[in-house]
Ligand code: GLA
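Below, in structure tokens: the form predicted alone, a single chain.
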Amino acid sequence: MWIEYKSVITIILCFTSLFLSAQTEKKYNALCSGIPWFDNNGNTVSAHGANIVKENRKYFLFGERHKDGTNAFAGFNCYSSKDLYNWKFENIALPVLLTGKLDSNSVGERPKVMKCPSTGEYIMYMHADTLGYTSQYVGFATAKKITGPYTFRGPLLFNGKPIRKWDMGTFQDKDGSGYVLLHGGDIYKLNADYKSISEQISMAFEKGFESPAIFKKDSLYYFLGSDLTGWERNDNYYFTATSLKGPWTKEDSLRRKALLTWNSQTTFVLPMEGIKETTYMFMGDRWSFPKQASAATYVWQPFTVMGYTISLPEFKEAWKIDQKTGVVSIATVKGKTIAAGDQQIIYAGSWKQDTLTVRSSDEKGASFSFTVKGKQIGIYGLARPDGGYAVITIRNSNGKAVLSSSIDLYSKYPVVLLKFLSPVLKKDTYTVTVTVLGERWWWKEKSGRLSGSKGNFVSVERVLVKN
């Protein structure tokens, strides 16, 4: 449950940049949003601006591979999963090129893959650009296998010219027709081979409206997007139409305004068809520049769809999807609770008690630690508009570090939620230390305006330990 405060301190403890030992049991039984996910190798899943293709009862996730401190192209990753909880790293589906667009001095964003019905080829589309975002176009790459490797083919052409816009998405209708979506509401229909454009069927109709995504239920199309605020959070909204050609009717935000789509930005909607229901899953990114690789996470939530209304009415901390029936159920994160004020948690440096339940510090090098016996560790935090970064380390009974990660403490509004849940570890006695870095989330928009956190606070509300 989300808890809103008017004047309370905060935390987002979002794990990434993971170094796990062989003692990790890589098994998850539910989907948790806003926390790090770890693949079969014990590394954080790095796949932002993503989409998912389902084939042969398996989900294939494609997304941006990142490095901290830079937005330079680092490749597009591919993962696979049978349940959406446990991810296997397949490969870097499209690696950094030696020269030209998508080299190490370029930008590559929002990869989207579709299988072409007429050729059987897999086509990947992306935003390709310079680091200064001054020479953008929609590019494409091809592969014979869904996992790649993909070969970059250059710009996608319409009337012999590249499409020079940035944020993009794709949509494949039930008749096999493929479409490329652009910010502002442009929709282009692909030719039969998916390698060029046959026509533009919708012209831009909304200022801004980036990170476009479309899904269809019955005879109605839903067109999702966000405001033009860079990587800063905003209230994502949507349009509806009975035809992709429009007219498109503006509806409302996806969640009660001021909650900023649960601090995320839409990237794709995945329909999951079962014998009883079809669940539509919102896929959103919780960006975290300059630590996009080590602190950015994902917000995946099931939509409520009723006629012209789609919404994310409540944040589901953990949930499951029955792959056969398509039915969603709520999951519970269980364990022994240790409050932030408990003597078992030891604070070093300057910390203050902001409420009866929250301890916070913005002093660089300040830390809190606790020693527990168990096999899984969770942290609940209070995220705040002036939250910053910290680093977390987990050591086993021999003093060996089995996990080290950056954590992100920023939210545009105060909220308490589970922000970290470790993988299942070998049952042992572990010492966990969280240290304030004295750094914060920020982003410089194209207008020159600086957005992001107003401070460097790290906070803790409670700890969870599963035996």
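The numbering used is simple: start at 1 and walk along the sequence shown. No experiment lies behind these values; they were computed from the predicted model shown.
This next part talks about the form predicted in complex with ligand GLA, which is not shown.
Across the options 141-149, 391-399, 229-237, 329-337, residues that bring heavy atoms within 4.5 Å of ligand GLA in the model of the complex belong to 229-237. Ligand GLA in the model of the complex comes within 4.5 Å of a heavy atom belonging to residue 210. For residue 112, no non-hydrogen atom is located within 4.5 Å of ligand GLA in the model of the complex, even though that partner is not displayed. Contact check for residue 85: every heavy atom lies farther than 4.5 Å from ligand GLA in the model of the complex. In the model of the complex, at least one heavy atom of residue 265 sits within 4.5 Å of a heavy atom of ligand GLA. Only one of the listed residues (133, 205, 347, 158) places a non-hydrogen atom within 4.5 angstroms of ligand GLA in the model of the complex, and that residue is 133. The contact with ligand GLA in the model of the complex, taken as any heavy atom within 4.5 Å, belongs to 167 out of 354, 186, 362, 167. Interface residues of 410-447, taken as those with a heavy atom within 4.5 Å of ligand GLA in the model of the complex (partner not displayed): 443, 446, in sequence order.
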